[in-house]
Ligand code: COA
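Next comes just one chain, in structure tokens: the form predicted on its own.
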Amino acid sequence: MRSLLFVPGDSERKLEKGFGAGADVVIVDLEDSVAAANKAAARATAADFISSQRRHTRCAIYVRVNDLSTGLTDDDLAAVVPVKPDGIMLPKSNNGQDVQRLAAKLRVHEAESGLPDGGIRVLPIITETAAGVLAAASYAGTSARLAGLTWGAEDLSAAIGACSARDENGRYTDVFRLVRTMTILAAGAAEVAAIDTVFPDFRDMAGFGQECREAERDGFTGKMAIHPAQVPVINAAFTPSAEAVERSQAIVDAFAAAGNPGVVGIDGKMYDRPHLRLAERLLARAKAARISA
């Protein structure tokens, strides 16, 4: 999952455009982008569109449902699980127990729809409440459905009373840098993908490109988008370069040729086991990117 594009679930026009944007994942949104009065109509529109696209798209399809505290989650799942989404995005997840609660609901809906148990993955947004940030370490081992962890700034700003998540130079303030870091560490602890949050100003492509490159540098493996124009920038930033792939393959080959020792030398430079692990991860990302392309 390099690029994950949000598309409002109540707009057939935007859904059609979103599915043609080249994103690895289209996130059909039933939450923030849909007005309260339009939730039921959005479920029907989203389900019909997913059903029509299921056989014709190469992208994965996730649905962002309404969070567990709203009382709307079960209705969302009842509408979309029968059309076989690849995953569910859970907003305002407070801890690993929320993932387990969603997993239990999914199991029931899968059974009622005649779908395989455990086939639908879960991607929680873990930082939209203060409690969620403080429970970031609780996701490890919670569910085999867990596909990754991601974060968001806007809802947390409202929850804690922050006037802005960024300073006058467009950089995250200390609180939100901490939140971003916690997401990377929590994903590492859970051994799942770390997905970076959205960049709201879709007209600032230079700033967006820089943020993508910094995210990839720091350990994120993908990023969410709010506009189709952001998708190619994300895909480019999170696709390993040919040089990086060649270097990583050389490290893996050197360890294999030497019988997998603790350290190997390549062109006068020493590489140890952490270098091997990093090389293996990069090669896996490169392989996944070729499949998604």
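One-based numbering along the sequence shown. Being a predicted model, the structure only gives us computed values, none of them experimental.
Omitted here: the form predicted in complex with coenzyme A (COA). The next part is about that form.
Undergrad: For this chain shown on its own, do Leu5, Pro8 and Ser33 all sit within 4.5 Å of coenzyme A (COA) in the predicted complex, going by heavy atoms?
TA: Every residue of the candidate spot has a heavy atom within 4.5 Å of coenzyme A (COA) in the predicted complex.
Undergrad: Looking at the partner-bound form in the predicted complex, is Pro240 within 4.5 Å of coenzyme A (COA) by any heavy atom?
TA: Pro240: no contact with coenzyme A (COA) in the predicted complex.
Undergrad: Does His227 reach coenzyme A (COA) in the predicted complex if we count a contact as any heavy atom within 4.5 Å?
TA: Flag for His227 set to yes.
Undergrad: Contact with coenzyme A (COA) in the predicted complex for Tyr172, defined as at least one heavy atom pair within 4.5 Å: yes or no?
TA: Close contact is absent here: in the predicted complex, Tyr172 is far from coenzyme A (COA), nothing within 4.5 Å, heavy atoms only.
Undergrad: Using a 4.5 angstroms cut-off on non-hydrogen atoms, would Arg217 count as touching coenzyme A (COA) in the predicted complex?
TA: Flag for Arg217 set to no.
Undergrad: Choose from 261-269, 25-33, 41-49, 248-256 the stretch whose residues reach within 4.5 Å of coenzyme A (COA) in the predicted complex, heavy atoms counted.
TA: So the stretch in question is 25-33.
Undergrad: Which of the residues spanning 132-164 lie within 4.5 Å of coenzyme A (COA) in the predicted complex, based on heavy atoms?
TA: The stretch does not touch the partner at all.
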